[in-house]
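In structure tokens, the next block holds one chain alone, the form predicted alone.
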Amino acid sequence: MALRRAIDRDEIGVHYQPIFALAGERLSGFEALARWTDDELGTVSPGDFIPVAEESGLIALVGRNVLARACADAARWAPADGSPAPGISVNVSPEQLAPALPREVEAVLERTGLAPQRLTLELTESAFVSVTGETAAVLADLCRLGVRLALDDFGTGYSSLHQLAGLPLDVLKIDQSFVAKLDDPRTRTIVTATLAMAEGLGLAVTAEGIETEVQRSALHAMGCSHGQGFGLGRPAPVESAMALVAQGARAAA
């Protein structure tokens, strides 16, 4: 009930976690993350309210609101040095992957003026447990809009290599559980194989959950192109994101 009330009152906010190119550590984009602070409940963790939203059928409303706000904010980002404006990544739940999604995305892009190529929609592996003709049509329509598609949390779900080869993806995101165990030779082998596979498929790779310089350096040396995590930059309100963009900040900042 509290979540429904927060959605109706537009109280679900958005924080932005920076994504950096590991070569040179240059800011390349942000991931939009839903945040909720309730008058009675206080700050509610996404780990608590996102599952509630999914179980109650409210996740589509949450996702729609986050998409609209993130695109509107990103449309205002302008680096002071004239470099290309950073992109914005928005998570899409399996429940949102319906025939209406491309029309919703197109309407948001037209309303906000955000260039389609600056928007990346992140889909989890669970969205591709069984790729139906309807799902394939939705993905094809999104591609025709010019937006990018990313497979989030790769290696933690149910996607098969056969499905991966047939999906119109642009980005593969390595889950933080692998990054946290890079000192394990077996985990490094898995990450190395993932990077080689992504290169063969023509996909960019973003590693999640980078917390230390050792992890960043190791991933860069292994050929990972982009990264995000508390060691590079924490999620922050839009004002902080705009300041980061304006100064052309690097991860060290």
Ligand code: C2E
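Only a predicted model underlies this, so the values are computations on that prediction, with no experimental measurement involved. Residues carry their position along the shown sequence, with the first being 1.
This next part talks about the form predicted in complex with the ligand, which is not shown.
**Q** Taking 4.5 angstroms as the cut-off for heavy atoms, does residue 112 touch the ligand in the model of the complex?
**A** No, residue 112 sits far enough from the ligand in the model of the complex that none of its heavy atoms falls within 4.5 Å.
**Q** Does the ligand come within 4.5 Å of any heavy atom of residue 92 in the model of the complex?
**A** Looking in the model of the complex, residue contacts with the ligand include residue 92, since a heavy atom lies within 4.5 Å.
**Q** Residue 96: heavy atom within 4.5 Å of the ligand in the model of the complex?
**A** Taking the distances in the model of the complex, the answer for residue 96 is yes, it comes within 4.5 Å of the ligand.
**Q** Answer with yes or no whether residue 66 is in contact with the ligand in the model of the complex, where contact means some heavy atom within 4.5 Å.
**A** Because a heavy atom of residue 66 falls inside 4.5 Å of the ligand in the model of the complex, the answer is yes.
**Q** Are 71, 151 and 167 jointly within 4.5 Å of the ligand in the model of the complex, each by at least one heavy atom?
**A** Answer is no for this spot.
**Q** Taking 4.5 Å between heavy atoms as the contact cutoff, choose which of 205, 58, 33, 27 touches the ligand in the model of the complex.
**A** None of the other options qualify; the answer is 33.
**Q** Partner absent here, but in the model of the complex, which of 33-41, 216-224, 183-191, 197-205 has residues with a heavy atom within 4.5 Å of the ligand?
**A** Partner-contacting stretch among the options: 33-41.
**Q** Out of 183-218, which residues reach within 4.5 Å of the ligand in the model of the complex, heavy atoms considered?
**A** If the 4.5 Å heavy-atom criterion is applied to the ligand in the model of the complex, 183-218 yields 208, 209, 210, 211.
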